[in-house]
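One chain comes next, on its own, written as structure tokens: the form predicted alone.
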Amino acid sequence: MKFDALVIGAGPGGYTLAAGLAAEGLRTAIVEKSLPGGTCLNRGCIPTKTLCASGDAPWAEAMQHVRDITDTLRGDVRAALSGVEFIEGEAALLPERKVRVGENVYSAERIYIATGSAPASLPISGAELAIDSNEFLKLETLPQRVAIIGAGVIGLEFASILADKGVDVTVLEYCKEILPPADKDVAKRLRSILKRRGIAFLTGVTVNAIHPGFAVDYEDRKGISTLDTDLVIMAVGRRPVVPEGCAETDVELTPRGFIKVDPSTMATSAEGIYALGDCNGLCMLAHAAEAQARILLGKNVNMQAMPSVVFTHPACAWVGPTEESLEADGQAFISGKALYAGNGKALADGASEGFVKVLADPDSRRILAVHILGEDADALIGEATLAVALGADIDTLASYVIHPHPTLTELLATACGNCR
């Protein structure tokens, strides 16, 4: 069977692209080996954020809510793909732009690989004793003590969820500070807040082994120690998933195993084959995959203004470079802060922890970055991303734009006004 376009993977990038191609009148198929919605909907973003919002609700109740939401959203994905041929199974690339799924072979003028990623693991003794993010979301009950290896986005969100449920959590991180991609002030303050919530952190440590009975050996500058716990969660990032047959079809991989693409077109080294989302390694976020799908649909997308959100309690979010990266690049900047403790809405909500930091160019006064820690950071980052994407200056947000009072959005205006 021949199609105009064939998409491998029905995650956020894949189903967005397939639905868009079908809407343009192309005969489109999508291949999915598991459930519609991919990792984000079924084993990642949506289940995790549902649990983040569940507070101290019983685990069984929270997990039932997860199932209800994911079932509903899978139905929405299926509806969005109503004009697309849905093929169940695992795809393998064949020469001449053909794809094998089970016993069937399909061909297409264009093939789009959107196969996503899977949890990574440390190459240590006993690594198989730890569970990954997929297995965490299948737990029927929670243990009393949990060790989480990795203080990135996944590890911190899990730690926050478990702390809400009354679990004794210890997070082990190789770097000196948690959340390495984040602004240093955000990371330091977040760690302090989470410690007050009862989460223990061991930073600057190397995990050497996991033993039966869930004893974790780790090493720091003082030597080797052992942490006794009831469950170990491995949260050390994700690795690319690529379909079988890349070598035979001249689809080149990077040294880290991602599919190599032209960032402006998502084209691979093989004519007529493209890759988007986690599998190309450009930016491993669901909304980045959707944005890459829009590029493939011919839309103009500003990929430089890419927001990130961590749904801890409180949440943090950012768009644009950190102070550290600007300093490393030798780029001058001015900065301004606004504290949640000085905002009327934050005080009224009982959410006075946190701040908004704005970084701007000293000459043009253009906003370079915004870093937020505090309530509704996930919502506030939307206006900040718009400002960065459109090249707005600090005076626009501080004076020209009227922010309603009392709201948390006033924090953005205040931070811009405080830039020095």
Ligand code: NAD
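Position 1 is the first residue in the sequence shown; the rest follow in order. Owing to the predicted nature of the structure, the values given are computational and were not obtained by experimental measurement.
Note that the form predicted together with the ligand isn't included here; everything after this is about it.
J.: Among Gly245, Gly336, Gly237, Pro321, which has at least one heavy atom within 4.5 Å of the ligand in the predicted complex?
T.: Comparing distances to the ligand in the predicted complex, the residue within 4.5 Å is Gly237.
J.: Identify, from the list Leu172, Leu194, Ala187, Ala317, the residue with a heavy atom within 4.5 Å of the ligand in the predicted complex.
T.: Here the answer is residue option Leu172.
J.: Look at the stretches 172-180, 247-255, 265-273, 75-83 and give the one with heavy atoms within 4.5 Å of the ligand in the predicted complex.
T.: One stretch meets the cut-off, namely 172-180.
J.: Does Lys49 reach the ligand in the predicted complex if we count a contact as any heavy atom within 4.5 Å?
T.: So Lys49 counts as contacting the ligand.
J.: How about Ile149 - does it come within 4.5 Å of the ligand in the predicted complex, if we only consider non-hydrogen atoms?
T.: Because a heavy atom of Ile149 falls inside 4.5 Å of the ligand in the predicted complex, the answer is yes.
J.: Give a yes/no on whether Ile154 approaches the ligand to within 4.5 Å in the predicted complex, heavy atoms considered.
T.: Flag for Ile154 set to yes.
J.: Given that the partner is absent here, does Ile199 sit within 4.5 Å of the ligand in the predicted complex, heavy atoms only?
T.: Result no; Ile199 lies far from the ligand in the predicted complex.
J.: For a quick check, can you give me the residues of 99-126 that have a heavy atom within 4.5 Å of the ligand in the predicted complex?
T.: Read in sequence order, the lone residue that approaches the ligand (within 4.5 Å, in the predicted complex) is Leu122.
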